[in-house]
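What follows is a single chain, given as structure tokens, in the form predicted on its own.
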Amino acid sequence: MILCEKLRFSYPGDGFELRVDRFQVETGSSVALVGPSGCGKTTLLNLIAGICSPDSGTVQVGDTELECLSEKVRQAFRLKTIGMVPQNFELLDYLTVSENLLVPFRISGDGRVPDGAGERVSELLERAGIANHRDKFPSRISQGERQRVAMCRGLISAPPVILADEPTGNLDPENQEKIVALLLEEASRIGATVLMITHEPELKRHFDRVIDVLELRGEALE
């Protein structure tokens, strides 16, 4: 479960402020976050991931209140619990596609890649339609293909929570449908909770709920 209560956050020297009195996502459900650019969708994801810390209020993921954790412990919790699919991919250019998928294992815990990880990499790349690129470097594949690599990396460790920031933004409509299907099928298989930002109206029907961040903030829609 994800629970945010009396949440307040602002960036230093910026007029933007995110105010959310209560936001809850049930375990195993899927939620699409929508709203205009600049309304706070990515900020909300970053607060839930523990990348940003609220000025006040609480963010709870499962039984853990993130503001009670030190930065180091919060980072370890994020690596163990949350599969991130960032909007700007954040792939490492000096690693191949398949090596990029293994990064979450390399930077968490003891850095050991678990048995069966190679088969898991092959499965995800095949399902994402990019298995033929596994030994290429990110600079040698298209933006849409890099986005699919980022998606697979977010799923690699079968995390209980998946946070995705517009993971279909660089894909054509057919591939948007395929990638969302992959994300939600995998989440259903492992019982993961999904929170995904999207601007694509056609994708909303795939989710259990659609939340407009402006309404979440208590602001009137134009």
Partner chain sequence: MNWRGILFLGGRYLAGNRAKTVLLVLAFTLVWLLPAAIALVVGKVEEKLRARASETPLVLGHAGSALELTFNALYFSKPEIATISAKEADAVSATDLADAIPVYSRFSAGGKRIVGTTIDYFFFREFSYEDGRTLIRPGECVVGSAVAAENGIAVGDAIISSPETLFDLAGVYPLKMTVCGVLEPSGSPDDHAIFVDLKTSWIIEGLGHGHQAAEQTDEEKRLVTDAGEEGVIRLNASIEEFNEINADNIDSFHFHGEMGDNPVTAVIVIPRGAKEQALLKGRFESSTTRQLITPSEEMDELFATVFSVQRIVLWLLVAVGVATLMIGAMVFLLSNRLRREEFRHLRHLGASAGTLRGLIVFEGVFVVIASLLCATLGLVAIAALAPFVIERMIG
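Numbering follows the first chain given and starts at 1. All values reported here derive from a predicted model rather than from experimental measurement. The term rigid core refers to the most C-alpha atoms you can superpose between the two forms while keeping them within 1.5 Å.
Separately, the form predicted in complex with the partner chain exists; it is not shown, and the next lines address it.
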- Mark D110 yes when one of its heavy atoms lies within 4.5 Å of a heavy atom of the partner chain in the model of the complex, and no otherwise. yes
- Item | Contact of E99 with the partner chain in the model of the complex (heavy atom, 4.5 Å) | yes
- Message: When the contact criterion is heavy atoms within 4.5 Å, does R78 count as touching the partner chain in the model of the complex?
- Response: yes
- Task: Please check if K41 has a heavy atom lying within 4.5 Å of any heavy atom of the partner chain in the model of the complex.
- Result: no
- Of I141, V103, A131, A117, the one that lies within 4.5 Å of the partner chain in the model of the complex (heavy atoms): V103
- Message: Tell me whether E71 is among the residues that move between the shown form and the other one (Cα shift of 2 angstroms or more, core superposed).
- Response: no
